[in-house]
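Below you'll find only one chain, the form predicted on its own, shown as structure tokens.
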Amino acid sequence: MHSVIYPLVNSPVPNDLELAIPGSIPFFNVLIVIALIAHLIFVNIVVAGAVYTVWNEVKAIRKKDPVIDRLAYQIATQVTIHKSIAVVLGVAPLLVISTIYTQYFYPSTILIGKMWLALIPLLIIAFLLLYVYKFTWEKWSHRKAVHLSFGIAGTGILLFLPLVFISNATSMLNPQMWEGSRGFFHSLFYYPTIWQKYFHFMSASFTVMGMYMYWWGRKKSLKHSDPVYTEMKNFGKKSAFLFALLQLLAGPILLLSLDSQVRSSFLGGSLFHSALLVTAAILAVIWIAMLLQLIRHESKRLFVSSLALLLVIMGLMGWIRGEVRGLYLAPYMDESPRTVHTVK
């Protein structure tokens, strides 16, 4: 485990730009939490939705079940709708993080520069593959192997892309490791928290997608008696519950992978940080209990309450993520403070 303490006289962090940050740091800290939550909700739906589309099509082929096949098609439709929103909403958090963490974000981006530049063509390829997958659903209904290959290829790229963002965000917090970094693929096994963060992100994605599927299926089933919407609703609430349970495992694994000094702040070293973590954990347990009740007794009120609580938990997790960034970078910020006022 690497320590955040670094001999600052040899700090690899470059001097900040003389261009002052256009606003207060607390304002941007709040803005980045809100912007990230909005972005991640749609990313979660797209990534997990693509997986669920392929999963359900394979299931439909094996069982020769037309209802599940139509469920897969409905999910594919939702993925194509939400992917553009996910991309657009990603601009704001990217701009904010590059503004308030300029000295850290740009070097970490340069270290994985080739893969960072490959993001756009990879996204385009993934979206094109998923377009072909969705719009040939009927036409290639008798060529399922060919059809599935497009879905699997597009989904595979979507499952890969979060690693690029996670790698950059993790590298940003570890300037003392930049010298030993050897590009993107090396960084996947070089930085200590990459896969733990990926595990946490993926379990959250399937949880959010489950909540979305339940909402969409319930809404449609109130107006239509089509069994595909009932299937979507039932599949969604079970997925949300199961992956929420998995997050109870993913969260502690991620916490234990953090730098020892950062981790200790959340495990009693700091009353404020410990209180944040305990509050989030208690609310998460209450939320999971609500999801279990939702499986047993369907209720609009219960769903709305669980959705509201999920947003509160996401806000707390975003806050905690900001505190973690602050703890990791504190020694460097003391040495090379950010430019918050215009230099005269």
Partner chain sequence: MDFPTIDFGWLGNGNLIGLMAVVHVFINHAAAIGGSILMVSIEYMAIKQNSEVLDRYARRLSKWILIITTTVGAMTGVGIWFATMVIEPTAIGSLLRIFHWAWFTEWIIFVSEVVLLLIYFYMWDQWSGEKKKLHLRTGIALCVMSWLTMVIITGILAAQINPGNWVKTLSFWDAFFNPTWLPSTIFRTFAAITLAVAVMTPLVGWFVKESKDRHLVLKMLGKWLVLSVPMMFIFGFWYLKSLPDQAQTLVVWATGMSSFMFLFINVLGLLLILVLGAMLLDGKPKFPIALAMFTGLFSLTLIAEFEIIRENIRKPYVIYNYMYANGVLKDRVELYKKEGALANSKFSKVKEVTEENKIQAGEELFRMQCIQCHTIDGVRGNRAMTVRINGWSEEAIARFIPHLHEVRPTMAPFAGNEKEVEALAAYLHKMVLEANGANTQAVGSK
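Residue numbers count along the first chain shown, from 1. Source: prediction; values computed, not measured.
Just so it is clear, the following notes concern the form predicted in complex with the partner chain, a form of the same protein that is not shown.
K.L.:
Can you confirm whether I157, I194 and F241, the three residues that make up this candidate site, all sit within 4.5 Å of the partner chain in the predicted complex, judged by heavy atoms?
P.N.:
No, none of the three is in contact.
K.L.:
Although the partner isn't part of this model, could you tell me whether D334 comes within 4.5 Å of the partner chain in the predicted complex, counting any heavy atom of the residue?
P.N.:
D334: no contact with the partner chain in the predicted complex.
K.L.:
Looking in the predicted complex, any heavy atom of H142 within 4.5 Å of the partner chain?
P.N.:
Outside the cut-off, so no.
K.L.:
Quick one: is A204 in contact with the partner chain in the predicted complex, heavy atoms, 4.5 Å cut-off?
P.N.:
Judged by the heavy-atom cut-off of 4.5 Å, A204 is well away from the partner chain in the predicted complex.
K.L.:
Using heavy atoms and a 4.5 Å limit, would one call M172 a contact residue for the partner chain in the predicted complex?
P.N.:
Taking the distances in the predicted complex, the answer for M172 is no, it never comes within 4.5 Å of the partner chain.
K.L.:
Want to guess which of 264-272, 75-83, 206-214, 245-253 is within 4.5 Å of the partner chain in the predicted complex, heavy atoms only?
P.N.:
Of the options, only 75-83 has residues within 4.5 Å of the partner.
K.L.:
Of the residues L89, M177, L163, I152, which one places a heavy atom within 4.5 Å of the partner chain in the predicted complex?
P.N.:
None of the others qualify; the residue that does is L89.
K.L.:
Given a 4.5 Å distance limit between heavy atoms, list every residue of 284-319 close to the partner chain in the predicted complex, or none if there are none.
P.N.:
Heavy-atom contacts to the partner chain in the predicted complex: nothing from 284-319.
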